[in-house]
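One chain comes next, on its own, written out as structure tokens in the form predicted alone.
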Amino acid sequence: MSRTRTDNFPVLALRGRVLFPDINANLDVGRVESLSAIKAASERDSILFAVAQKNPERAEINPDELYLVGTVVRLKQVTRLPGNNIRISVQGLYRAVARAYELENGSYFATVDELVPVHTSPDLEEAYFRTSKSLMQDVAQTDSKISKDVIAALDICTEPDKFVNIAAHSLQLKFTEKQEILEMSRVVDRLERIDRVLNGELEISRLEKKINAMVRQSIEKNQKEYYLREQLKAIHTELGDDEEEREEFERKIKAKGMPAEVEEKALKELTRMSKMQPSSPESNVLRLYIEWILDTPWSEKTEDTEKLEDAVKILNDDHYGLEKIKERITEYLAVLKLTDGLNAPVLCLVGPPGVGKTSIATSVARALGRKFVRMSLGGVKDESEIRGHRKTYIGAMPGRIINGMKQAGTINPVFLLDEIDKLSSDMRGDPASALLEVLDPAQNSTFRDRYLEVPYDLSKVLFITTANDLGTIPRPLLDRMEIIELNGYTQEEKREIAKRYLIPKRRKANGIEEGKLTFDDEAIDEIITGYTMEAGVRSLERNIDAVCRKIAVKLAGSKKTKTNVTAASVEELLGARRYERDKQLEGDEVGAATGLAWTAVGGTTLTIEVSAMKGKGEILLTGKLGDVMKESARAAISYIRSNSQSYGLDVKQFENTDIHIHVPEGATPKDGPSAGITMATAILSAFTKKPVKKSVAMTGEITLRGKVLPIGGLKEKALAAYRIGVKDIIIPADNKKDLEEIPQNVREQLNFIPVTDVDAVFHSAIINL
């Protein structure tokens, strides 16, 4: 070693770190001895002797644990840190070796000699130096931890010893290796050592690259193995659990009892599904399709009621009246027992709201012992609601017909298509046309739903449809159904329905015990006539419910144990009457005749008033009359004018007379041809000044030849006449066949006068004609 100068400096002991000359470094200092050394240096010339301690884990500073060779550094900056720690910035000046360490005023001092580099072979140094610089460039390209400033400093460095100091400081070496390089005095040895270090770093770098490549390859291999294992797992799943699922599906399909075509289709789709990944969307579509095939009934059916008497008893227990539908169901059951294979008819129940069309379908199902399915068609405007969507569409499902069959679980349910007259159509198709195949007994054995794509037999289903108005049902669809009209109830029928069904039902719903509430027949009649205006009984049920609620309040707030509702107490419970009964004419009047009309809520009477006054032969029609009714009035006038001489009238009288025909209740629209003979009678009465009998009511269409044509709704019209006390009813002769529909007790009280021409009407209705 060569020593050139000797000095005494405070000692800065380093743990696990070696400082070199020609570099700048930052250090955190916290030990008491080190803090004292920095303070002593600050008070002198800011020079310290930085030396590493042999055991970096040792907290106490022991001179025997310090290396002898270190670096003399200049203290450039001191920064206070939280606590008692400080951060210092130092600059390495030169290497030095300590002669001895002495403790003075709480800090160690060292007497050091400068360690001067020894140059022995300039050519060898230059060779090592060039090699080292080249190696350092290679290392710098692979080691991202070496800063760009260090790389730049090494590139411009021309002194081998300085190059070694900077390189050794920047490389990731153990502090013991750095200490060995620091202690070397011969520059050749230092360069040779740094060459070996750099070669080692390059080798490490190559090994890292190789390891990284191997790791990457291993990862790719692992990913490949993972993918292959997943595929293998899928294969095992297909051969294992999925194979078991496939076998289960296949077993169910073969045991379902499907038609051969359907079974073949289901097995074909099952085979397609088994070849797909379970997670694929199409596999889920096919699985759902197969589940629908299995859930849809193909051969399951219920046995019909064996005894006709049992079916008739159920129908009678559930509904009062409705003899036509009961008779038709009885006929169907009888024929079914005899043929054991009859295709079910398609029944269409037509009638006003509230007459029991929907509820009777439920009773029919109970009477037959079949499952019941209801499908409301009100507002349906999409054809796919009936036929379904193709299964290739997202969210595709079968139509509501197949859905209803699945719900029923049998191939022979009672299927109610409610409100078939409320179907509509738009750009998405015409559902009424789609129903043609469903409701055609000749076609529905091979109904095809778009989702199932196989024929489905609907011939065993008893379809019942309901409608309020046949006029809105397309003719081809109407032609496929058997029409059964359910007319409005008579007052007597409503009274019986209230006593047998409505009152017990509403009494129970309001928590009133049996026997605590009774209704007189007169009270029920008062509710029917004064608080309802309907063909059915819905409004009647609501009013009975209102009475029951008010009685429940009275029973809950008093000690009364029983209440009887009378006609006198109805107004107290429900308020003032909402409707007034039709009234008979007060007497025989000139120019006034009683006609009969049909409405959606039953029959009613119309008083036709005619006034003949001097004028210019004009005809005035008032009372909110429809076009057909206006035409009937003009036809009646034309007939009387053309036959005026037969009735003792001067034909010129019509030229000087204005005719005003009025039908009271002008806010209510009125139309139809059945008031023709009534208008003609009132007109002739007005011109002849002879009164019309108040006891006579009439209905019939008139022609220009004086013929009386048949009309509809005779039952309702007869009941309306019966209510106001009319004894004689003039009807078209062609309507005699409809008299059987009128209740026996009503027919016994009325005198029906069949006529074929209007002359017979005039002589039966006008006094002294």
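Numbering starts at 1 and follows the sequence shown. Bear in mind that the values here come from a model prediction, so they are computed numbers and not experimental data.
Keep in mind the form predicted in complex with a small molecule is missing from the figure; the text below concerns it.
Heavy atoms within 4.5 Å of the small molecule in the predicted complex: does Gln653 have any?
No.
With heavy atoms only and a cut-off of 4.5 Å, decide whether His319 touches the small molecule in the predicted complex.
Contact check for His319: yes, within 4.5 Å of the small molecule in the predicted complex.
Are any of the heavy atoms in Asp520 no more than 4.5 Å from a heavy atom of the small molecule in the predicted complex?
No, Asp520 stays farther than 4.5 Å from the small molecule in the predicted complex.
Check whether Tyr501 has any heavy atom within 4.5 Å of a heavy atom of the small molecule in the predicted complex, and answer yes or no.
Heavy-atom contact with the small molecule at 4.5 Å: present for Tyr501.
By the heavy atom within 4.5 Å rule, which residue out of Gly591, Gly603, Pro352, Gly92 makes contact with the small molecule in the predicted complex?
Contact check passes for Pro352.
Identify which of Ile497, Leu191, Leu347, Val197 has a heavy atom within 4.5 Å of the small molecule in the predicted complex; exactly one of them does.
After the contact test, the surviving option is Ile497.
Just to confirm the contact call: exactly one of 636-644, 248-256, 501-509, 67-75 touches the small molecule in the predicted complex at a 4.5 Å heavy atom cutoff, so which is it?
Every other range fails; the passing one is 501-509.
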